[in-house]
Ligand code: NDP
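Presented below, as structure tokens, is a lone chain in the form predicted alone.
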């Protein structure tokens, strides 16, 4: 199906499985007017929802999670078919949704309860910070994790008291629609206005209309589109959070456990067919162990089972690597591999569409002989390709790892954990793992997000729910004096006294004299 834009009201998006080529269904395209109406309904519902105690919101959402898992098999099969991923990876998306419900359901109150701070100077004031919902949060989401990045991402916004309107990718609208339907059914059973969470479908025009109506926009996708979203949000002076591209490096030092590192590189590069913003996209390995490491990676890669198992719940058959979702992404992967080959890289395994399978199955691919003159080492590939480059030492590895406009995730591999953490602290990345990959996204206690052109803002942890809130500071006088010292009327005497106090508090010259006097 060719990408389309500007589809008129009433037209449909046909959804075809990238794995089986079967027609799965269709959704109607929402016009800007329909988006505006959806946001208006959400805003009305949000007033009731925001007035509901946070503990009640959290409890209701946790109960709604039961509906998700009661329909586990239906969701796994639909997700596998629509996205092309193996059953195991589809189940992982459900696990994430469950974790979000449990994590923010239990800790949301602690993150959002008003808390006091003690001013360093104005001790006669009591200061409290409150968190208020922003109103309606818009989500524009991609196709690579169509349940995690729709229902999963909406949960902290809902716990915080907001309403949510989601614009899923036009390539994977069915799983988002079904996940939201299940939540709405459960919420309605508990008396919650169902319009606190809605889905609108369409292409760029629909997404732009959403940005024009909501109180905050959360975007996950390409850097190029993220820029356009940010510019449109800036024109309206609404906050936005962006998780964008990555070109995540893996640094393997000579003392690393090569078996574990190789297993991690293969999974980190090929899980979800490489369609992960935090996947391993380039490896820098110490030259003294590069051959051994590469041999292990190639051997593990050749053992991978590729195909589709989405409708085989009762079978023992399982696959490791599924299909790619977006046909245009296959063009990017092919172009990067061809560019590397033309510039001297060697394809050790893979390097083509799988001729034995009918769908968008690009073979897991390992490249050697690569360098930074090649697109495969500098541009986001977002597919099942792993380029491996030998380096002389960790200094060269660090320099090359940081030679990127992206800075999302990274990993360092070494037997010396202290040295690994030291090196990790110097890698330009939002999260760097030591002797692990991708796991940062599963540590929902810690903030997750990118630097440079990889994004703005954080998800997860306290920041992951507070980003959906307006911070309100309340300052209360403690003593009730008739007037403050700096209120009218001004006097020369008070001015001179204040000047002496300021000199005492803030003059470095005076501080040096005092230190010299008292040793």
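Residue numbers count along the first chain shown, from 1. Here the structure is a predicted model, which means the values were calculated and not measured.
Heads up, the form predicted in complex with this ligand isn't pictured, but that's what we're talking about next.
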Contact residue in the predicted complex, from 271, 220, 162, 301 (heavy atom within 4.5 Å of this ligand): 220
Selected contact from 390, 307, 204, 193, since only one has a non-hydrogen atom within 4.5 angstroms of this ligand in the predicted complex: 204
4.5 Å heavy atom contact, residue 241 and this ligand in the predicted complex: no
Partner contact for residue 143 in the predicted complex: this ligand, 4.5 angstroms, heavy atom: yes
Residue 384 within 4.5 Å of this ligand in the predicted complex, heavy atoms: no
Contact label in the predicted complex: residue 89 to this ligand, heavy atom within 4.5 Å: no
In the predicted complex, segment of 424-432, 76-84, 206-214, 337-345 with a heavy atom within 4.5 Å of this ligand: 206-214
This ligand in the predicted complex: contacted by all of 170, 229 and 277, heavy atom 4.5 Å: yes
Residues in 313-331 close to this ligand in the predicted complex, defined by a heavy atom within 4.5 Å, in order: 326, 329
